[in-house]
Each structure stands twice: as C-alpha cells, then as structure tokens.
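Next comes just one chain, in structure tokens: the form predicted on its own.
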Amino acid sequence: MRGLALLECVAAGTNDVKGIATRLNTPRSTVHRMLNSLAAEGYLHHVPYKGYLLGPKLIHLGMRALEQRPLVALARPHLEALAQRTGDTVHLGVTDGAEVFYLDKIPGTRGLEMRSRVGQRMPLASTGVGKALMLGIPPSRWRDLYREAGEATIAGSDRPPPVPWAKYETQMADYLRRDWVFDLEENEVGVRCVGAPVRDISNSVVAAISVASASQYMPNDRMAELGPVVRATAHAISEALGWKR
C-alpha cells in the first residue's frame, strides 16, 4: 500500500525524496529504497536533478486497463465519428463520487489544446460531461454537487465562479427535459461544451459524452444545433450497451 501511495504522490506532482517522505510520513531512507525498487521494475523513471516520473510499465498497464473496459471500446467509433463531424474535442467520462473521471478524449482539428486528459477528474457540476452525468442523479442531490464544485473553485483560482444556485437549478431542469446539457465556460474560461448522458440496458446513466471547443467556435446558436447531434451519438452508444429507446 505504501508503494501505491508513493506512485500516487508522483502522479500528483510530488517527485522528490524529501517531498514524498513528508507526504507519506515515512523516513527518507525507506522512501529512497522504494523509489529505487519501483524504478528498477519500470514503474517509475528517474531523471537526474529533476526527480521521478511515472514509468513505462504504468503507461502500459493504463492502456490495458482502458482496453479492457467495454464502454471505451464500444464508444470509440461513435466518438471518432462525432469528432470528425464537428471538428471539436470529444470526451467520454463516468461518475467518480462528486467528480467526472475522463475515460477517453479525441482532440479536435482546430489546433486548440484543452487541459482535460484521460484519467483526470473534474467537478461534476461545472463540466459538460459532469452535468450530463447529473441527469441520472436525483435532483435532490444536485445542490450538494453544486456546492462541491463551488469548493473546487475556491481551491483552484483558475476556475470561474459558479452561477447562482437558482439559475443553475433552472438550467439543469431544462437540460433534463432536453436530455443534453451546456457548459458555458463554467469549468474553464474560454471553453464551452455540449454534453449528453449514456445509458445502459437498465436505463441507468452510466457515462456521458461532450463536444468542447473555444467559445468563439461555440456561439449559442451552434450549441443549440449541436445538442441533438451529441444526444444522438450518446443514444447510439447507449444502444450498443443494450439500451432501448
């Protein structure tokens, strides 16, 4: 367990012996031995004078983990078709507590780079994928998720402040009727998204997708046009999972 905790420290950006020892409350000598062992097995990579990075074996295991998730394999062709049709970045994510966990990402063709990445977590209530996932969560829980996203805004000063709760609740109720959602620069300034939920054979929301781009490529009228398109793609993935309309 300490070895796994050490890997998580490195993944989070703490990559020197002193910093890891402090975070794990473990003697430096012990941390040094663990780091050497993990580096020798390929789980870590040591860069002289810079510290430790995640190693090639973890990259291999991560790719195998993604391949073994049927959701990713089934959704991929639909995501690729959506990315080709729109020219924008496409995401696939699932719920992980109060956050969305990104399983797949297809970059757009407009030359824009977004901070989202596979394996990253972001607040449900402030992201396009997250809001789409919330459509499968009882509305009575929305306010708690809204608060948690607000706390994340305080912790990360680069996040824009949330809209007032009353307005947010009205928007979510409207999204629930449509079965698609908007992210109007609520997670990242200058980035807008259109998302929709993915359901399984039990009609439960098990994932969500989104199309994201810079705000200049996402005026209100285009977002409204994309809503049914993104929803149709989500429905196609849902049908591959056994969902019936």
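Start at 1 and count along the sequence shown; that's the residue number. Rigid core (definition): largest C-alpha set, two forms, superposition within 1.5 Å. These numbers come from a predicted model, not from an experiment.
From this point on, the text means the form predicted together with the DNA, which you will not see here.
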| query | finding |
| --- | --- |
| Contact segment among 215-223, 28-36, 190-198, 54-62, judged by heavy atoms lying within 4.5 Å of the DNA in the model of the complex | 28-36 |
| Contact test in the model of the complex: H45 vs the DNA, heavy atoms, 4.5 Å | no |
| K50 within 4.5 Å of the DNA in the model of the complex, heavy atoms | yes |
| The DNA contact at C9 in the model of the complex, heavy atom, 4.5 Å | no |
| V17 within 4.5 Å of the DNA in the model of the complex, heavy atoms | yes |
| Yes/no, V47 Cα shift of 2 Å or more between this form and the one not shown with rigid core fixed | yes |
